[in-house]
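Heads up, what comes next is one protein chain in two forms, each shown on its own as structure tokens, labelled structure 1 and structure 2.
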Structure 1
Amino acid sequence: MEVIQYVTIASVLIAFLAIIVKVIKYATAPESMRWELYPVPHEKGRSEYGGSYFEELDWWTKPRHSDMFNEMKEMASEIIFLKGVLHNNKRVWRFSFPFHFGLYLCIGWLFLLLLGGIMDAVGVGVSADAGVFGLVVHYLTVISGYAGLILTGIGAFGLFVWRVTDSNQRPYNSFAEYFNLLFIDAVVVLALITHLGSDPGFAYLRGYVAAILSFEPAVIPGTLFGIEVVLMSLLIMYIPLSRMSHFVAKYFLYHAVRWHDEPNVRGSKIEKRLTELLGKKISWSAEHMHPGKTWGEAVQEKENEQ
């Protein structure tokens, strides 16, 4: 295999690893106090106006009806259309929406390249002249590839211009914010130039993926193609390492905090976890914190008048 193929493999592995580490970090964070924020979309019949089961008389004696369909609907409109941004910040949505939608298409494109690569590796052709399946995969790859790259590019450029020109925004941007957008735009432009010029159907790129899958040396049809592949690989690795991996955190912010309204009942797992946490030792220094004691002990201490 060529060196750049190793770069691609390493990048993809690091990307997966980074995502897994992040998921584990958030998933294993300790049970916290409840901190939900309404509306909570799985509140059946109440989510429209932001109501909760606390509205009911003797709520703990009633069955709780969760509307998972509504929660999924809410998630889908948040993920696909960025509903929250659309409602609360239209200026940003004009660029953020094409940017994110473009990225989804690019992810689809990468999966289609992978699928095409596998088909290539096992000898099933993927092209405009291939059988039905090969033909469908070919056209889907072309459509998702170009649409994804163009939308992502326009979105990233728009977001860059907004960050540079909006005086409210500027003081809060770090170098990383600019760099991320420019990096993405650079990769997009390079990919478009490369493929529109010499690989319009992404056949070489598919071949590159197929070569990795079968541990064969890949055909690199030119320097530009080589640079594109290296930069794209680095981008795939960089996204989960940077704040651009906020999709992971967003899941937890919504499900483990904002919408987390599971009541704690006697003998529950939540209660068990909390009881264990009360055994943690405090080292806060203020006198009323009773440093050295456990949380369980400290909060039972008699208060001194101050």
Structure 2
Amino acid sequence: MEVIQYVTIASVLIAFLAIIVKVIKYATAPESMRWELYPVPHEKGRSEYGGSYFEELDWWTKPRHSDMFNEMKEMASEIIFLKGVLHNNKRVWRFSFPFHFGLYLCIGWLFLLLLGGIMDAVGVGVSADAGVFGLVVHYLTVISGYAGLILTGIGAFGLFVWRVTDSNQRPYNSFAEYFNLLFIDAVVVLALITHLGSDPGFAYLRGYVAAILSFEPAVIPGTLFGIEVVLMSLLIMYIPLSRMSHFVAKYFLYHAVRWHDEPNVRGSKIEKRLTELLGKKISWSAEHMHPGKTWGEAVQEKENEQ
């Protein structure tokens, strides 16, 4: 195989491992401070008006009924359509939505390229002249590829301009925010120039994936194609290693923090985890907090003062 193919393989493996590490990190994190902001979508029959199981007399003794479908629907509206951004900052949503939706399409495009590469590797054609399945994969790849790249590019450029021009936002920006958006735009523009010029149906790119899967040297049709593949591989690796990997935290943000309303009753797992946390030493100091003591001792001290 060519050196460029090893770059792609290494980038994908590093990205995959980085995502796994972050998932484990979030899943094993200490108990979060619960927001208990209502309505909680999984409150069956109560989320519509912002109610909760606390309305019930002796609520801790009664079974709770969850509506997981409603919760998943609410998560989908936030993850896909950025409902919270739309309601709180429409100016940002105009660019944040196409940026994120474009990235979703690009992820689908990459999976379709992988599927097409597997089909090519086993001898199943993928083109406008192939059988029904190959034809469908071909057109889905083309549509998702160009739509994803264009939307991502427009969104990234708009967010970059917003960060540069908004005086309220500018103090919170760091070099990483500017670099991330410009890096993504550079890859998008290069990919569009490369494929519109010499590979409009992504046949070479699909062949590149097939070559990796079959451990054979890939056909690199030109310098631009080679640069695009390298930059795209590095971007795939970079995203999980950067703050752009907040997508990994979405599930945990909703289920372990925002909507986590499981009651802390005697003998529960929550009580056990909180008890363990109360036994940890305080490692920082302030007027109201002194290092060296455990959190349990600090809490008891404050209760005694009252």
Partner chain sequence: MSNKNIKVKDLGKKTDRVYNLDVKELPKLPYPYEDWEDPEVPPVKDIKAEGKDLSLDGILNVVVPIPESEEKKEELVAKFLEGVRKLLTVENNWTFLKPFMLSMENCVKCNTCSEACPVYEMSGGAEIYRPLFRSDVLRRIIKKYISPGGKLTAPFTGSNIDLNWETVARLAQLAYRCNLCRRCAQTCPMGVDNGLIAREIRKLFSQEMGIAPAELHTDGTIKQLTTGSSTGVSPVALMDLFEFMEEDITDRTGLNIKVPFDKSGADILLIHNAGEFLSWPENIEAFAIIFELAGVSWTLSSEMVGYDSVNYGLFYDDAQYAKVTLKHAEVAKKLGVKKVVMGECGHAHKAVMAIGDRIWLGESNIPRESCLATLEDLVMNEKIMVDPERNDFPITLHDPCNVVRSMGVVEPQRRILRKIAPKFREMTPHGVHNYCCGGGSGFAIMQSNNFPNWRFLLPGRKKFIQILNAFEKEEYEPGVNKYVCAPCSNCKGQIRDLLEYYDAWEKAGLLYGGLVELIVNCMTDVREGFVEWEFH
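Structure 1's sequence is the ruler for residue numbers, which start at 1. Computed from a predicted structure; not experimentally measured. By rigid core we mean the largest C-alpha set that fits within 1.5 Å across both forms.
The chain as displayed in structure 2 is taken from the form predicted alone.
With the core held fixed between the two structures, His290 has its Cα displaced by at least 2 Å. Met68: CA moves less than 2 Å between the two structures after rigid-core fitting. With the core held fixed, the Cα of Thr275 is displaced between the two structures by 2 Å or more.
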